[in-house]
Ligand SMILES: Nc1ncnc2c1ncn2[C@@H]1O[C@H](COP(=O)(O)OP(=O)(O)O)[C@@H](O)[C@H]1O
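Before any questions on how it binds or moves, here is one chain, the form predicted alone, in structure tokens.
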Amino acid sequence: MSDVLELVDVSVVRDGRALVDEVSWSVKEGERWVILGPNGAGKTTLLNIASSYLFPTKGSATILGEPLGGVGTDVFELRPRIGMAGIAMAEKLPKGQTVLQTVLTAAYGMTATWHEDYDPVDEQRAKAFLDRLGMNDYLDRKFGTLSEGERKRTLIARAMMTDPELLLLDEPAAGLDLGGREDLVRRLGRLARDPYAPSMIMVTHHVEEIAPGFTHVLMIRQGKVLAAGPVEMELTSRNLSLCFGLPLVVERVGDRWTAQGLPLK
């Protein structure tokens, strides 16, 4: 399998502080990774590098075979090959657009409709992705009127619109109630188990949000990698306790994970 993402000794320094510090990590074709860590650990920084919107201060990053910052690498040609769904994208999208328009604009790499003429195949693709995420009954609803869960599912459909080779999900279940979270995890699990789906990287704080089908985990704390590898091997009570800085017990129930702190004595 070829590398979809390869970071070698990558550091990102801002105001004298390392947001990520000498991170080496590779994601191979077909793998589904989850990045776990506390607030400020460097999770979103890694995702921004993987999306080509942030360049390392030190070290090297190669995305889909293209060296970031390398001679001949055009990030504007690279970015359509990467799907991104997260809070930052949601804030850029016009609230008055319909759900269908919100997904369709991704076909042109835009956030708002202008004077584009969309091909029937574009509309078919957009409707297919929305249907897959349970949004087919919301095509004419305004994006700004959606619930948080509906908005998250629309963003994932939008990220899939360009048929990306790498799909990045930045805390897709953040702000959802229990029902919304479980519905989203169920749909992400279906996507993760699809052999034709792109390689995936998802950032989260909670092991309960790891959908079935995710294969690998990266744990990061204070900008440094603590563990990286197959989820069955690396998602342990010891590693998670070190990652979040307090005693935690991790359990696997069926194809899902749970974690809780040890009671105070």
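The structure presented is a predicted model; accordingly, all values stated were derived computationally and were not measured. Each residue number is its position in the shown sequence, starting from 1.
This protein has a second form, the form predicted together with the ligand, left out of what is shown; the following refers to that one.
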| message | Contact with the ligand in the predicted bound form for Ser51, defined as at least one heavy atom pair within 4.5 Å: yes or no? | response | no
ask   = Heavy atom to heavy atom, is Lys43 within 4.5 Å of the ligand in the predicted bound form?
value = yes
In the predicted bound form, is there a heavy atom of the ligand that lies within 4.5 Å of any heavy atom of Leu248, even though the partner is absent here? no
Would you classify Pro38 as touching the ligand in the predicted bound form, given a 4.5 Å non-hydrogen atom cut-off?
yes
For the ligand in the predicted bound form, the stretch among 43-51, 210-218, 58-66, 25-33 with residues bearing a heavy atom within 4.5 Å is 43-51
Near the ligand in the predicted bound form, with a heavy atom at 4.5 Å or closer, the residues from 16-34 are Arg17, Leu19
